[in-house]
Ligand code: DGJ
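This document starts with one chain, in the form predicted alone, laid out as structure tokens.
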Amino acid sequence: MIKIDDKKGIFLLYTKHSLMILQVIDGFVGMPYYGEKIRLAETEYLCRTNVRPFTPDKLSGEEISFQNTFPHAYPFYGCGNFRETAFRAEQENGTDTCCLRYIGCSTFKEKPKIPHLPQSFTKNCNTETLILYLHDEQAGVLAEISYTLFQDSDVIAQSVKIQNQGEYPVMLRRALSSCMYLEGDLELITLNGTWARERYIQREPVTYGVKSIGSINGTSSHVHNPFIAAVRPETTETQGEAWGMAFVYSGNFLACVEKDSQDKTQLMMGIHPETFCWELDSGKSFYSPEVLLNYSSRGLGRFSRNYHDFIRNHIIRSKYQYQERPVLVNSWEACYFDFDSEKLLCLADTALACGMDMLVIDDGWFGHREDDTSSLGDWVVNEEKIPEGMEWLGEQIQERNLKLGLWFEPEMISPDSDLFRKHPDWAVRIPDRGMTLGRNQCVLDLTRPEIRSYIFRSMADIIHEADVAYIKWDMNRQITEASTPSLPVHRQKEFFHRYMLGVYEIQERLLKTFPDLMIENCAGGGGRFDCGMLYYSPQIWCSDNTDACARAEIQLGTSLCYPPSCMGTHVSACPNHIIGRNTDFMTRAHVALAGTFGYELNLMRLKQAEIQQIQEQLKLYHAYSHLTREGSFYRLLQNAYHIAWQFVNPEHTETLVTLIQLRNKAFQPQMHLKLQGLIPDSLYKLDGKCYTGGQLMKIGLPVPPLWGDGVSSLFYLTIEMTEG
């Protein structure tokens, strides 16, 4: 609900449990409060800074001090604010000073569309949108700051539209999407790592100065995820305040936190300005990607579930979001590049015998690809491996009542490819400078429409020919030598954003052409795990590291923002192909059950007993996958020895608890695992014994001791129905 007091210049944005206050003071919009829903009386003082003793406040005519302490809702550069700013635009006279003053507002019942970008949407839910208009008459710039509230959520979607209303072009040097201000002691939570070790949780105090994370390699990256949270030092999973920002974007980003001299903390997020500049012609507009703002007064658990529900209901569009996903086996760790049609059909037969639904042919099915040195860009069947053709193979798969999936790396081109020999200029490069190879490949220039059309046609032809039901869209290298002949010299820094728009355009065309197609996004594993990709695909490959113990930590970190139902999770071979560890076969399945679930191993090498284990695992998947897709997720425990989590259905009548023992220790005391999300006075049944919900949450579930490292237990409890 949005309430506006025009006389006082107050805007109150109420979600289910939170309140954001925006206030106009002397022509500038500030954010004096964002937190728990409260009742207000006096509001005049909220944005008054009263800075002493250096200078008086703006009421006494001291503009600089006012600007440098005012909690700007969209901070700009050049008029006395010396903190990090969200907006900076170079004008015709060469200066980049701008002063954005409030000139009005609008409210809408519908959420305005953001052209060409992934974005939140409404579905069976009422929304309200507030747009604040901030204008610099001299620069001719109008900034429209948009806040959308959703009736069923505590998440607020924010974005910015910049219009050039002047006579001359302006160069946007900085156009971030969101800013919030907080007061008091805070700690910063980020999700960091590297390839095969993505999204590990880091929590640290917020101190004076600027702390930032980001990416400038062309993707949201393995190293930092486009998500941050600020929490009180006392905040835990179940209590305390937490605020968050999640970026609906998959390219270069910046997230920064600054604690200033007045003990106010500013959080900002948007496209990374180091690799961004945008020429905005007279009469044109620029749209920033959306940021999802989140607040919880009941700990990180509620905070995460706010994001989970919002992403499932308002970001993921796929019809598969709440459907049981097909269980697939991927050929990569089964065969790598060493396969032919006979081996693939044997793999399909074994998958069918196990009870699986889909065979996914990974890298190596196209061109003359025998290793990773050739053929990217040549999306035609490798006749040495599949001489009968892809249409024939698709028919063979369907005759076995299986579906066919294919791996693509559409954004790349191999120097050893027919496409490169025909169009060497299609690779991203700087003229008169050599190209840097990564994984023996170059990047296609997706800023150019003819290249995007080629990629779409190539993929669409093979999807149609073989009746492909699923594609894995991969992207295995960073972007270097960023340049394009499609733009003049002074606009080369538009490359990265235009490239990302090109990726989105191709995926959107595929989904419109093949509405039943399932896309699983991937970028060397988890290098593009973000809300932008989830707009086009209901799941993302979580990490190339499929070791169960490592994955448990990766998936738990990922769950801080993203719902488990979107995490691509597979049972893989042991010793694990990334880190060489052996873990129990059922433990690998228990970890994979907390995601999309599939297999990444050579089924043809399994013993009959192992095939029977897979059949048992599939029974577990079919019995419990509805909890992963629709249930609430709770992080119960994480230390050096154990990780535990829990799913609870929307009615709180059934729950699935997973305990992973990373490593054992001698003489462990009896563990009582405290559960969450249950009805306190109801009885829950496990193995013939009944416990009250309150008992399970306050005293805990008695857990039998586990023997060994990398082992696990699964507990399924249902509410005990009593007559009357």
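All residue numbers are counted from 1 along the displayed sequence. Here the structure is a predicted model, which means the values were calculated and not measured.
Form predicted together with this ligand: not shown, discussed below.
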{"query": "4.5 Å heavy atom contact, Asp378 to this ligand in the predicted complex", "finding": "no"}
{"query": "Distance check, Asp445 to this ligand in the predicted complex, heavy atom within 4.5 Å", "finding": "no"}
{"query": "Non-hydrogen atom contact Pro75 with this ligand in the predicted complex at 4.5 angstroms", "finding": "no"}
{"query": "Non-hydrogen atom contact Asn476 with this ligand in the predicted complex at 4.5 angstroms", "finding": "yes"}
{"query": "Contact residue in the predicted complex, from Gly525, Gly502, Gly301, Gly367 (heavy atom within 4.5 Å of this ligand)", "finding": "Gly525"}
{"query": "Heavy atom within 4.5 Å of this ligand in the predicted complex - the one residue of Glu465, Asp362, Asp260, Glu279 that qualifies", "finding": "Asp362"}
{"query": "Partner-facing stretch of 136-144, 207-215, 540-548, 91-99, counted where any non-hydrogen atom is within 4.5 angstroms of this ligand in the predicted complex", "finding": "540-548"}
{"query": "Heavy atom contacts to this ligand in the predicted complex at 4.5 Å, residues of 302-333 in sequence order", "finding": "Trp332"}
